[in-house]
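First, one chain by itself in structure tokens, the form predicted on its own.
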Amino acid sequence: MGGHRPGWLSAWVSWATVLYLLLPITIILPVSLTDQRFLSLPYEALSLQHYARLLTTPAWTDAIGQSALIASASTLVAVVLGTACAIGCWRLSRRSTELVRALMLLPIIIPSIAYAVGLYRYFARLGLLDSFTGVVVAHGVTGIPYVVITVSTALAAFDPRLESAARGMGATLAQTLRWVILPRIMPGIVSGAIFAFIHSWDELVVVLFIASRRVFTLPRKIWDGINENLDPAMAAVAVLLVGMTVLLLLLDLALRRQRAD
């Protein structure tokens, strides 16, 4: 018997929900092209002045640079630790490994505000407040669950006989990991890295607690701009953030399709 296909009502409800969620986001595009000096729709003509100011003002460029650097470093931390954890749990395959996987998910299960408060107290003792290292560690820890989930999913489809064959032919554990396991699960690793990068790039709550003057990421710059003045440049930043997120998600979708083929 064929599978159940949703009717036209379900399809309309689904598309209506998608449009309801996306329409508030689409308004930022015309606002970012306004010719006014405050947040509003274009009055006389479209203008790119706010994009130009975004890319030429040191305050904005420094925030973009810091966000990109922190997101890249924290993604590297998350990928290395998350991949190692997922492979270790996969090789052991015991009940205790399920507990380890569950513990690895805690950073995204616990509310961000609770995590941020705990980090503040902990980092204050270690002298990591308002430091590049502290923010990278905080974002790296919260990025690990994304990598563990995607890599564990990739490992679930991995044929263990390939590892056995490699070891039977004299390959060491390091060689088997490098030439057999990692190439097979690379789409899962890249997918986890994409989600970890997006998370760090957009994260605000933790930065508000553990950073002050020396570390000033792009989301925090937007937050301060909202509190101080409604600068149209924030709409331009929002367009760039949404565009980058969409491109990364499309890349992840392409990798998933490649892995399914």
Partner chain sequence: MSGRAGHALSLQGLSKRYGSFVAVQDASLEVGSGRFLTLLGPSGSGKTTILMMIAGFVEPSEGRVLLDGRDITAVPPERREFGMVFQGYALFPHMTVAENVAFPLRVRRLGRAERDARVRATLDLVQLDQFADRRPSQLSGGQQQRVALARALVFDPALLLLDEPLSALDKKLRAELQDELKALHRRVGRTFINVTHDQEEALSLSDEIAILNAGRLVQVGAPSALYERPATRFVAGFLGRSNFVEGEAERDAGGIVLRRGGTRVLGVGEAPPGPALLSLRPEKITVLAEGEGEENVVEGRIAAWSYLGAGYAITVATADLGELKVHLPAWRIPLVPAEGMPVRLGWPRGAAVAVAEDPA
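As the structure is a computational prediction, the values presented were derived from the model and not from experiment. Residue numbers count along the first chain shown, from 1.
Only in words, not in the display: the form predicted in complex with the partner chain, which the text now covers.
**Q** With the partner left out here, check for me: in the predicted complex, does some heavy atom of Y122 sit within 4.5 Å of the partner chain?
**A** Y122 lies outside the contact set for the partner chain.
**Q** Consider A165 of the chain shown here, and say whether it contacts the partner chain in the predicted complex, taking contact as heavy atoms within 4.5 Å.
**A** Residue-level check for A165: yes, a contact with the partner chain.
**Q** Even though the partner chain is not shown here, does R101 get within 4.5 Å of it in the predicted complex, heavy atoms only?
**A** No - in the predicted complex, heavy atoms of R101 and the partner chain never come within 4.5 Å of each other.
**Q** Give a yes or no for G88: in the predicted complex, does one of its heavy atoms lie within 4.5 Å of a heavy atom belonging to the partner chain?
**A** G88: no contact with the partner chain in the predicted complex.
**Q** Of the options I113, V80, V190, V180, which one has a non-hydrogen atom that comes within 4.5 Å of the partner chain in the predicted complex?
**A** It is V180.
**Q** So which of I108, A171, L76, A84 reaches within 4.5 angstroms of the partner chain in the predicted complex, heavy atom to heavy atom?
**A** None of the others qualify; the residue that does is A171.
**Q** Taking the partner as it appears in the predicted complex, which of 141-149, 127-135, 114-122, 156-164 has residues with heavy atoms within 4.5 Å of the partner chain?
**A** Stretch 156-164 is the one.
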